[in-house]
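Starting off, we have a lone chain in the form predicted alone, written out as structure tokens.
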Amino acid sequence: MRYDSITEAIGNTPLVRIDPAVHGLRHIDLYAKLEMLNPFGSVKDRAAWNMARAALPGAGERGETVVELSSGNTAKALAVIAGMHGLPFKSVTNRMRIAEVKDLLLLLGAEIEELPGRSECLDPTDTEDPLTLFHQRLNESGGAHLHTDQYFNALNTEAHATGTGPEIVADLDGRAPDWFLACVGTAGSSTGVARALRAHDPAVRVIGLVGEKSDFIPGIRNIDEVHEVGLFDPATYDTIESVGADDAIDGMLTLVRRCGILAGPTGGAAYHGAVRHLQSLDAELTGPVRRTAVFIVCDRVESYLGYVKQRRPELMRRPPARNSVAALSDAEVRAAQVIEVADARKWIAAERPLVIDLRSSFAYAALHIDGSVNIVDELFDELVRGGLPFGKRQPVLLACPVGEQSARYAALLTRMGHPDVRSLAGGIIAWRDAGAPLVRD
């Protein structure tokens, strides 16, 4: 194959059958759509090119900057595409959580702006969120930006409705699969592929996979976050199921070690969720007719080695992390002391606990509880691995955006012997919604 431009290599990715000896399904052929083999490394190459290409000539004439609210694969693809067309690219995000991605964006010449968003994901309904306000300004006419707007741009979905989905049908000899399983981020790929498959066969079952609320899997939103995405439509999915971070890493290891597919954690989550969902269905099937299922491998493992090292250091031949939230059981997390906003305000006034805000420094600077100390959760994680970072006589109140991560740390500190550490129920958002006072730096 010979191309005049690297963008011509986007799409037509392989569909690879997973060896039944690996997944154990007897009556279902499971296929992986290897979107990781797009030229810039991910499924987002399709959406980035489809959203940007028609507007690039005009943007070049006007000297505009390509802008996207992304801290991951969409930003990487757009940074490459913008550079190819002599345009600057800016990534705007609440937080760059994957160090390798940040380094690659800088290498590609991108500008990165981290704004004090109140949550990890854009919430268009929160009109006081700085990230939302920035998003609204980008969409105003007359700006000097080419805003691709992946969360709301129908061209994101179209890239998969006209490309990824029809490719799957063609590679299955003109048949749609019986099941399609996909992790949900912007919802563009799952929505677009589902549309194409159902146009071919309305009986296709579509399973959306989201992260568990207390976990972080790069590229996947949890069930609360997906409702904040403009492209998300619950009617797309026959069911939505959650996957934990450890499950995602286990699935990734299976793909990497048993299948030769160098998938990242999102692909691992898709594989794990697919096998788990299909096992009970497979057990009920009989007869010679085989069924088919397809999941998407979104990107490659190399960008997530730091994430894996932090979650599972033993995989890198490192000793298990001491005092890690990853080692907590569900029962320990459920047993953590949680305090409601009204009671927390009384406790602060009476006992003067040390209030630790685990959010990003940008979110903390925007609004925080008066007198609280900002220790970003990654730094706090490092501190507690070395032991209790404060005396046992000091009562502690932990706060995060919605009260989930703080509950895990409260459980960990309790396990480590601290007698009085509590998590703010509902986090800073609940504090704000209750009308409790917040201050700004």
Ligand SMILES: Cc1ncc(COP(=O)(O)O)c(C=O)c1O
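The first residue of the shown sequence is 1; numbering continues from there. Note that the structure is predicted; figures quoted are calculated from it, not measured.
A second form of this protein, the form predicted together with the ligand, is not displayed here; the remarks below concern that form.
**Student:** Just one of 347 to 355, 243 to 251, 185 to 193, 366 to 374 has residues with a heavy atom within 4.5 Å of the ligand in the predicted bound form, so point it out.
**Tutor:** So the stretch in question is 185 to 193.
**Student:** Just one of 197, 220, 77, 181 has a heavy atom within 4.5 Å of the ligand in the predicted bound form. Which one?
**Tutor:** Among 197, 220, 77, 181, a heavy atom within 4.5 Å of the ligand in the predicted bound form occurs only for 220.
**Student:** Considering non-hydrogen atoms and a 4.5 Å limit, which listed residue (148, 91, 164, 73) is close to the ligand in the predicted bound form?
**Tutor:** Answer to the contact question: 73.
**Student:** Does residue 304 make contact with the ligand in the predicted bound form, using a 4.5 Å heavy atom cut-off?
**Tutor:** Yes, residue 304 sits close enough to the ligand in the predicted bound form that at least one of its heavy atoms falls within 4.5 Å.
**Student:** Note that the ligand is not shown here; using its position in the predicted bound form, name the residues of 236 to 275 with a heavy atom within 4.5 Å of it, in sequence order.
**Tutor:** Residue within 4.5 Å: 266 only.
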